[in-house]
Structures are given as structure tokens and as C-alpha cells.
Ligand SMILES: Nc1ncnc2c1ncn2[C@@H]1O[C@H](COP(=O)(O)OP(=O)(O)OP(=O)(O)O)[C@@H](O)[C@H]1O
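Form predicted on its own, single chain, as C-alpha cells, below.
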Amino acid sequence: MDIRFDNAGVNYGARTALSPLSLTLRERRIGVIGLNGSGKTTFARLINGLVKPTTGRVTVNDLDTVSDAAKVLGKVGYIFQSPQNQIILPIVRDDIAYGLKARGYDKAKINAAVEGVLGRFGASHLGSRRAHELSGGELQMAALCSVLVTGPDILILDEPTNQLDLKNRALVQKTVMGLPESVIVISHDLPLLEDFERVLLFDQGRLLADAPAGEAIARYRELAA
């Protein structure tokens, strides 16, 4: 993973959503924290091109998120805070297959890829289930499969343990830590990030701290006190 922010910032009219910043991300596990409205989601969405910089530029593995937008989307998977809004087809297996069909894969290749990604996470039993019947943890697994089946190198998760019970939270945490892909996690769940290599703390649209997890989390606790 090689993500570079070169004086990249975002303005909405007179409002600054993210002040210009320059940094490089190469670690495999990166956390993003901050109070609501601090700029952390804007920062994360700059990485896959969901938000375009109004100043500077962002590159992902040497691809510009504006001029190479389609290629960047293929490299960076994004799981939103409410995964049920991301699953568009009623049957889990069909939803996972959707992205592959859009790429023109043949039926045999699609079926093999879908079964492969479900098996990878021990979630084969979810394939025939209806999305609205799934628990919170199962929804996260289904969304994860739908994104990872297309083969992104980088995965961004927005509040992956939000509103999950202890069992489902543990399932999601174990899964995230076991992923071979590079992972960026936006979260208020600070224990989830304690073993991450690097954590970025945002406040009022500015990067306030960029440090190992323990140091950044301690700074956040001081800010929120």
C-alpha cells in the first residue's frame, strides 16, 4: 500500500471539511479517530475517490484519485457504517456476485469466486440467506465478502463494530486483524485499534496527531475529556 496526500484538502464553499495535509500511508493497519464532524470520514473517502480534493492531490499506488478514478475504485474497497445500505440484492450470494457480473465474468468464474470468498470467512451458510434476516455481525461479513470478492488491495471500514453486541464485535475484530489486505478503520471503538501500527486523530478538520495507537488514543481521550 502506498497512499499519498500532497497538500490535499476539501472545502465546501466557505466551510473547510479537511485542511490541506501531506502524508504517506504504508502501514498494513491504520486507524482513524476523532469526534463527530472532525474530518475523518472526509479523509477516508478521499482515498477511494468518493470525495475529490479541492486543493492538492491524492494518489493510491501511483494512481491519481481524480484522473484515474475507475482504477482507484478497483484498488480500494469501502464498507460503509451501515452495511445494510450497501447490500442491494435480497439474497447474499446474489449480492456478492453483482460486482463480478458488472465486470463481465462468466457464470462459472462468478460462482467459484462467490463460494471462495464465503468459504474464506467461514460464511458459506450465509449465501442463501436474505439480507434483512442477518444479524449485525452477519451483515458486516456479507458486506465484507461483497467488497473483497472483486480483489481490492486496500479496504476501508467505517465504524465496523457500530451497534454490535460483544459476540459480533469479537467476530468482526478477529476478521479485520486476520485480513491479508491493507486495512484502514474509522472507529470510535478505541480498543479495536489498540494493536494497530498507526492511528490518525482528526479534530475540526485538522490532523491533530499521527502516532502509534497508544499515543494517538491517549491524545484523543484528553481531547474528549
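This one's a predicted model, so the numbers in the text were calculated from it and none came from an experiment. Start at 1 and count along the sequence shown; that's the residue number.
There is also a form predicted together with the ligand; it is not shown, and the following applies to it.
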Given a 4.5 Å cut-off on heavy atoms, tell me which of 52-60, 38-46, 176-184, 192-200 is the interface stretch with the ligand in the predicted bound form. 38-46
Is there any non-hydrogen atom of Ala17 lying within 4.5 Å of the ligand in the predicted bound form? yes
Hey, in the predicted bound form, does Glu27 get a heavy atom within 4.5 angstroms of the ligand? no
I'd like to know whether Gln81 contacts the ligand in the predicted bound form, with contact meaning heavy atoms within 4.5 angstroms. yes
Arg169 versus the ligand, in the predicted bound form: is there a non-hydrogen atom within 4.5 Å? no
Within 149-177, which residues come within 4.5 Å of the ligand in the predicted bound form, counting heavy atoms only? Glu159
